[in-house]
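As structure tokens, one chain now follows by itself in the form predicted alone.
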């Protein structure tokens, strides 16, 4: 009888083998240099002081050679520090918390749908099925204008909603940071669908009487990823403007874009999008280093607009009745997965440890050389990040990213709970998620955070932050009165 081989899967704890491999590869330089340095030190100790002096004398360096070498070192150091990019700090941020009067529970949403679409019961039933599976909770909020029947989608109502969200969050930011309006050097406001004249950035300047030489920008039409585009723009501006403060406001004013037709692809946003906004203070001032919450490490932007399907998968247009709405394509998730793949291909080498990069390279070589059918190796991004803030665009978006990145339920908890409590607040959702992690007491000094957002066009953008200090639990944030109730179980279907 042939001898039975031992079951290595049980006799060897593969988890610790993998940990040992990761430690070996990630610290290969240290493990190589330490023995060399130890050998050099032992040799110097063996030679003694006299032989070391004789060795230095044998080099026969004259004064000119010594001075040239000294100034060369000074020159190289000067060039290095002069070309080094300025550090950008996230001092603090404030998320808008809607008042209780703006709450839109399922029953109220469906009642309004039945009244607004009285002639189209099939459209009402469709919205109910979407809402049942959306992952939203009973405490999400609509702007005051959308509580009217029919919705009050006028320019005045839209401006009033913008003022409510923006000014409330800006006031909160000023209070939290002690920032004075005159201290703002750069202002960036991003709102995709509501772009009045004068702009929203001009509205902020008028309200707070900002300086006349302020550098202001208003971004529109860039979808839910516009918040990270604003971060990228602010970072570039802070590289050329020293000792400056940049304030970013990310929001989506949904009042003028509530769809009242019967096109199902356009009814989807009604079920998912809710009111929200976030004000963020960035600075390159060294004096802000100690009190800043985070340090910006990377921003990676991916644009798939050259592909027609990607370009049209989130598209504002008129339906057959001439009613304007946002159409969401059935190919949206497949396009988002492709954009994510392109984005992580770029960001991976910047953040992944050497052990993961080596495994990915070996997998790639194996597929190219030996067998193209080999399953590609998915890098373990959990080795690079402690926290993940995935845009709360909908349950399907979070599910797809959790699957593709092989994340645990805890890693996507902030995204799911944000979707449940606040709904899809567009570009500001990432900051509600960041606030959730902080208020759970999980954000520690040295932790890395990966923010991922998708937007029309089609775009996938990423930002990587390093926590500058352990964050205390907030007493006045958007989660202050409900954080103890979360996480909650979110069923696959909520029967209405």
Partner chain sequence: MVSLKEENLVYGIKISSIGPGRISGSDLIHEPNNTDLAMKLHYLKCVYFFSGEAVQELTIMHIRKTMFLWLNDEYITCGRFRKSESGRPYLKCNDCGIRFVEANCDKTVEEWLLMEDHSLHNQLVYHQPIGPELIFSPPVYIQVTRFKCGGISLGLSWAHILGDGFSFSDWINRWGLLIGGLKPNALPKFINSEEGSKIPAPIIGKELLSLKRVDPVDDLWVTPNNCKMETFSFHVSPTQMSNLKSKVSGDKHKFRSFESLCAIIWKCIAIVREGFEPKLVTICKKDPYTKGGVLSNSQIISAVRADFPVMDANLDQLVTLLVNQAIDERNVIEATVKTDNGLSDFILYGSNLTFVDLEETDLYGLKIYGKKPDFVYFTIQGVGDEGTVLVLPGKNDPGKDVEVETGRFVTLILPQDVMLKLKFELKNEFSIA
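Everything quoted here is computed from the prediction, not taken from an experiment. Positions refer to the first chain, counted from 1.
Below, we turn to the form predicted together with its partner chain, even though it does not appear here.
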Heavy atom contact within 4.5 Å of its partner chain in the model of the complex, the stretch among 404-412, 378-386, 146-154, 422-430:
146-154
Candidate from 111, 132, 171, 232 lying within 4.5 Å of its partner chain in the model of the complex - any heavy atom
111
Tell me, which of 183, 331, 319, 139 has a heavy atom within 4.5 angstroms of its partner chain in the model of the complex?
139
Check whether residue 128 has any heavy atom within 4.5 Å of a heavy atom of its partner chain in the model of the complex, and answer yes or no.
yes
Wondering, does residue 348 line up within 4.5 Å of its partner chain in the model of the complex on heavy atoms?
no
Heavy atom of residue 100 within 4.5 Å of its partner chain in the model of the complex:
yes
Should residue 107 be classed as touching its partner chain in the model of the complex when contacts are defined as heavy atoms within 4.5 Å?
yes
May I ask you to list the residues of 219-236 that have any heavy atom within 4.5 angstroms of its partner chain in the model of the complex, in sequence order?
none
